[in-house]
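Heads up, the chain below is alone and in the form predicted on its own; it's given as structure tokens.
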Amino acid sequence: MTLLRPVAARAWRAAVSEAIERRGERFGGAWATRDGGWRAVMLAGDEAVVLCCDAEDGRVDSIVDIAAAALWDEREAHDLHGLGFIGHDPLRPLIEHTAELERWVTPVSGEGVHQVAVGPIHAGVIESGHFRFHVVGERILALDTRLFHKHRGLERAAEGLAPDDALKHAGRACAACAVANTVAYAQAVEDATGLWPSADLRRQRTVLLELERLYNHLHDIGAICAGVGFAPGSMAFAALKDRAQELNAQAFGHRFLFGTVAIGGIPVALDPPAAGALRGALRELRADALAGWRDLTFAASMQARLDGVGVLELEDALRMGVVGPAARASGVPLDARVGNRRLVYGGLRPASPPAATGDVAARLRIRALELEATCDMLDELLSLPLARDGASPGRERSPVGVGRVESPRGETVCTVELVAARVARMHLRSASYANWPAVARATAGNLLPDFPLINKSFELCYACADR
């Protein structure tokens, strides 16, 4: 059960500081409520505590110097709810797209410094994102990102709905993270309502999450190949990703696994022949992916482009609260699958590259390692059929619930507040939202032509931020 801990506005900084420094908890996101409330979820192992306070005169003390990962959360709350944050200066707009450059870009000056603006409309079929580079020649001094071009109001639309009806809003936040987002939401509602998933339900959800990780990692490896212009690798892994998604469609009816998650149960099943067929097809896919990976490791022209590019140092990854493969590539042994009792991950240990150099090469290798682990897990989990099963009551209810899932990009945290069996607030903090600031940090000091490669090595979602 998630604990709700009220805090006086004047004691906000002290409460967050105590949680981090004395109790060893991690910041997992913050959000505002319509009535001037301010919340932050603190994570410890697989437990969560939600700190809550009411802003005084519409203001509360900033915590960005204590938890740098709260930077975007405070900026977002200011833009959407008008909350002020004492000590957060300058408080630059994030969601609000002001036309005045000086209000949202980093001030950079000096001889030869100029700006290069890219986007928000791009040549490819991708979401909108504006990147403004401060450069001298081709050397990048700083990068400002402007996302949130299509704020869809999914969280607002969920308010007032029954939990089952609100699930679709979490699921449509991002197609590539559909399972991770909906499982996190379902876990949050089950946490609040005192439900505990059965062994079969935990296994089924784990299968779906790993199938989603499989096709995403295959895609991401191909995207890095595209980032260096290595067409053979890009095409090979695009084909493998397509095969993985076709297996999803054959087994569960949808390439992106839409409609496979429900609160307290699961609407899909695999009988023994179907589970066996999927298991066999995945073994063939694994063999072909391994052959493709061997080809990449011996492609000297590609490998020469990866080392030392887009380095995210360990200290920065820790300070900024980076999650997922990007964090593990920098040496942060953090994986939300470890110790997650609502899923089936046994003795899983976070993957670690041979050298946690934090560069593009390390982010590529970590995905290859995780592909192997994912294939191992799926082979074991699919040795039995997947039957429809549910969750049972047995835990205390709470007005708030938290769900945590390791998406292909890292830890996604969903928090749901319930009032009279209705969703009063849903907050979805995806791994992409957590990691976008790290892209700017890893880009500084590199050459402008290397940015597409650096960006693809993180391969974050725009849609997850435009929720």
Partner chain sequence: MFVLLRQLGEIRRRARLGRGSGTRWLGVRHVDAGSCNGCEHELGLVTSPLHDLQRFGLDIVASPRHADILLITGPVTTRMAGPLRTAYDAMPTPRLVAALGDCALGRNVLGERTELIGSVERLLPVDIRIVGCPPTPREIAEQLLDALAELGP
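All figures in this text were calculated on a predicted structure; none of them were measured in a lab. Residue numbers count along the first chain shown, from 1.
Just so it is clear, the following notes concern the form predicted in complex with its partner chain, a form of the same protein that is not shown.
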Look at the candidate spot formed by Leu314, Arg328 and His427 and say whether its partner chain comes within 4.5 Å of a heavy atom in all three of them in the model of the complex. no
At the 4.5 Å heavy atom threshold, is Lys241 in contact with its partner chain in the model of the complex? yes
Is there any non-hydrogen atom of Ala175 lying within 4.5 Å of its partner chain in the model of the complex? yes
May I ask you to check whether Leu154 falls inside a 4.5 Å heavy atom distance of its partner chain in the model of the complex? yes
With a 4.5 Å heavy atom cut-off, would you call Ser128 a contact of its partner chain in the model of the complex? yes
Of His169, Arg365, Arg337, Arg213, the only residue with a heavy atom within 4.5 Å of its partner chain in the model of the complex is His169
Can you pick out, from Arg395, His254, Arg349, Arg139, the residue that has a heavy atom within 4.5 Å of its partner chain in the model of the complex? His254
The stretch from 376-384, 68-76, 85-93, 230-238 that lies within 4.5 Å of its partner chain in the model of the complex, judged by heavy atoms, is 230-238
Of the residues spanning 1-26, the ones with some heavy atom within 4.5 Å of its partner chain in the model of the complex are none
